[in-house]
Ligand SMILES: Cc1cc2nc3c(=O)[nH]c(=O)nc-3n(C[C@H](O)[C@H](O)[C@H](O)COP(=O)(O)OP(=O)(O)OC[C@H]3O[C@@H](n4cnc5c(N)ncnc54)[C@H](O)[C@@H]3O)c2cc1C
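Read the single chain below, which is given as structure tokens and is the form predicted on its own.
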């Protein structure tokens, strides 16, 4: 149930109780720098950080239209993953990922943990891995096995993605209907707001010039025209993800899809004994609507799910979500863990993630114009932004590395990214898809392996973006 009549400093658990520093002043003049970064989320902050590691004297300006961390970086599920959306599209002709690609992804979480330690950023980082499970109905078991085969075809080993029998799964987490699953060590938990706040403090201390409440109205080679000032820069990094609005080369190339989360009150030791997740693993079931959970440092259960597409393809700026979405996420939590019945859900919030037309992430560097970007994470940006921030820094400083040769890296014009169809086609398509997915789950939960369930499942297989 939702907490009655309770007021919190923020609807988002991550920001509740965190004292934010006063906003940095907006840019109100004309300035010149070596690197201009537009967007104060993880991608922009990590890029600034790694640029300073490679060139300590570099003059870097970072601007954000709102306050740093306003977007997905301050609202997400807190999964730092050693994986990317759409991995199969990065495979070789034989269907496998090249060994350097697999190694890069497998090292990502460890490398991020080391970087956070070196930067002295306390963001509740805990490298406990992830359980991906068949947890609510029988059809999820087939999806779990198919996912494992997918990882095997890509070349990952049993050490990377290990099958758990229903009994072994139940020993680790007490879900409603354990049908087996996969454990991977390549995921860590973080507290998103602490991470974005810590990164902000670090890059500011390194000498990065920060300007908040500074909207970049027009971006062109060598010039960022803001609402009250202008930046002249040798290199421009666009790191706005799902908040790429008019005036940006990414507008309509990255669209915002809404996601949301709910959080329980802190649970007791006996409640956690019953639930599991004793290694503080992150958790997801094989829902097409992308459910994702974590056990927080203060022993709450946070449950997230992909949601909807807003009218006009606009990003969500408010943290608050409507009651229907909140109730849906609470229902998902209870369907996974019936033992939560009677537990109070204290927080509910939402926000936007960026999705490219290819449904896969990218790093792009246009050497001719000095413009670069990274994004299209489809909700997996906590870990990817760390890797892609390093990659952008390597590209911009001409630093040789294995990262710049990854298959998601392209040296081309940003305009080569395919645009989404005109509105309202994306909204109609996404919301219809989500409705079909919900119908599939309704059928599966009530009628199991019926012919109708099987037919709808086949339809969903064809419709699921890959």
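A quick note: this is a predicted structure, and the numbers were derived from the prediction, not measured. Positions refer to the first chain, counted from 1.
Another form, the form predicted together with this ligand, is not on view; read the next lines as being about it.
- Heavy atoms of every residue among 41, 73 and 79 are located within 4.5 Å of this ligand in the predicted complex.
- With the partner left out here, this ligand still marks one of 241-249, 270-278, 356-364, 121-129 in the predicted complex; by a 4.5 Å heavy atom cut-off that stretch is 241-249.
- Interface residue among 67, 34, 399, 31, judged by heavy atoms within 4.5 Å of this ligand in the predicted complex: 67.
- Among 191, 184, 352, 264, the residue placing a heavy atom within 4.5 Å of this ligand in the predicted complex is 352.
- Looking at residue 380, you'd find a heavy atom of it within 4.5 angstroms of this ligand in the predicted complex.
- Contact check for residue 391: every heavy atom lies farther than 4.5 Å from this ligand in the predicted complex.
- Residue contact check for residue 215: one or more of its heavy atoms lie within 4.5 Å of this ligand in the predicted complex.
- For the chain shown alone, residue 283 is not a contact residue for this ligand in the predicted complex, no non-hydrogen atom being within 4.5 angstroms.
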